[in-house]
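Quick setup: one chain, the form predicted alone, written in structure tokens, and binding and motion questions come after.
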Amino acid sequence: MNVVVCMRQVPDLVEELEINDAGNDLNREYLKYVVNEFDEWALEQALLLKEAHGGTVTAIGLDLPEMDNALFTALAKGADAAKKIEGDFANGVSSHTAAKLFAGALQAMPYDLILTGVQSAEDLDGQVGVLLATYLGLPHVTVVTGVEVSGIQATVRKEYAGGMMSEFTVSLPAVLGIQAAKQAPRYAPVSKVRAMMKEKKIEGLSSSDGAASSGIKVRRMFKPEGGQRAEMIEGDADAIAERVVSILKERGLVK
């Protein structure tokens, strides 16, 4: 079984994010990027399938900052090959463009199953897997929390709102949007990642025309406005109770 995992880099939300001068995007000059969390789960699911059924796992990513390190980390975790779609993506890539780029690269690759993260922290629209399946003419299931393969079919567990679960049988090849795997993404020691950098090579892929409009244009971005600080009420129980009642009356919540 040949499993391909599509991986994206997204801004690290731990870092302080700044808006650019135009006010319609992040200032990406000094952004730190990390692998999209759900793509990590997709890679783990692929590795579990490889351990259960044999075959290969190929990690493929877009040429964004830190992507080389992410792909070498995937190799250190157990992926057999890593490929990078080359191009100028420094200003970020929408889910629609990413799907088209992945589709162009995958047309020349063998695969039985394609896994993506269910969504990315950058756009949260969950469309990469859906659009990728559309471009490739493949069946697709998203919000997947478990995958079992038997022959040319896969049984997948899909989660709905409220925790309701369902099972689908899908013919392979197919595209699955992974939300979670049976176990948390495995850890790759730094020493092993460095070893992969010496032993393995990342194959560069030429990017086809990835221009794809989502029909949505960001006109303006704003930072959340800070609210007023909480009032700290001091004193004994009677004084605190009296002040609480007073505040409720001031706001018209009690008479």
Partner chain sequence: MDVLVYIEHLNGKIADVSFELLGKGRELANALGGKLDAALIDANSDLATQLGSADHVVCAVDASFAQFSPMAYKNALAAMVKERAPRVVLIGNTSMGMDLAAGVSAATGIPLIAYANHIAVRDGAVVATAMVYGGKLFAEAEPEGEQVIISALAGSFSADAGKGEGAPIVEIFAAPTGGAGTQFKQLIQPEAADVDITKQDILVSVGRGIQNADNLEVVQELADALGGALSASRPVVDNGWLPKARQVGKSGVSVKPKLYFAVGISGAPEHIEGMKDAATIIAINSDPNAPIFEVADYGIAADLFDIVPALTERIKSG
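Numbering follows the first chain given and starts at 1. Between two forms, the rigid core is the largest collection of C-alphas that superpose within 1.5 Å. Because the structure is a prediction, the values reported are computed rather than measured.
Another form exists, predicted together with its partner chain; not displayed. Remarks below refer to it.
Interface residue remark: D112 is not counted as part of the site for its partner chain in the model of the complex, having no heavy atom within 4.5 Å.
Interface residue remark: H96 is counted as part of the site for its partner chain in the model of the complex, having a heavy atom within 4.5 Å. Taking the partner from the other structure, its partner chain in the model of the complex has no heavy atom within 4.5 Å of any heavy atom of V149. Although the partner is absent here, Y135 is a contact residue: one of its heavy atoms lies within 4.5 angstroms of its partner chain in the model of the complex. When its partner chain is considered in the model of the complex, only one residue from V170, A81, A105, A76 comes within 4.5 Å through any heavy atom, namely V170.
For the stretch 144-180, the set of residues having any non-hydrogen atom within 4.5 angstroms of its partner chain in the model of the complex comprises T155, R157, K158, E159, Y160, A161, G162, G163, M164, M165, S166, E167, F168, T169, V170, S171, Q179, A180, in sequence order. After superposition on the rigid core, displacement of the C-alpha of V245 between this form and the one not shown amounts to 2 Å or more. Once the rigid core is used as the reference frame, the Cα position of D236 differs between this form and the one not shown by 2 Å or more. Relative to this form, the distance between the C-alpha atoms of D21 and L124 is reduced by at least 3 angstroms in the model of the complex.
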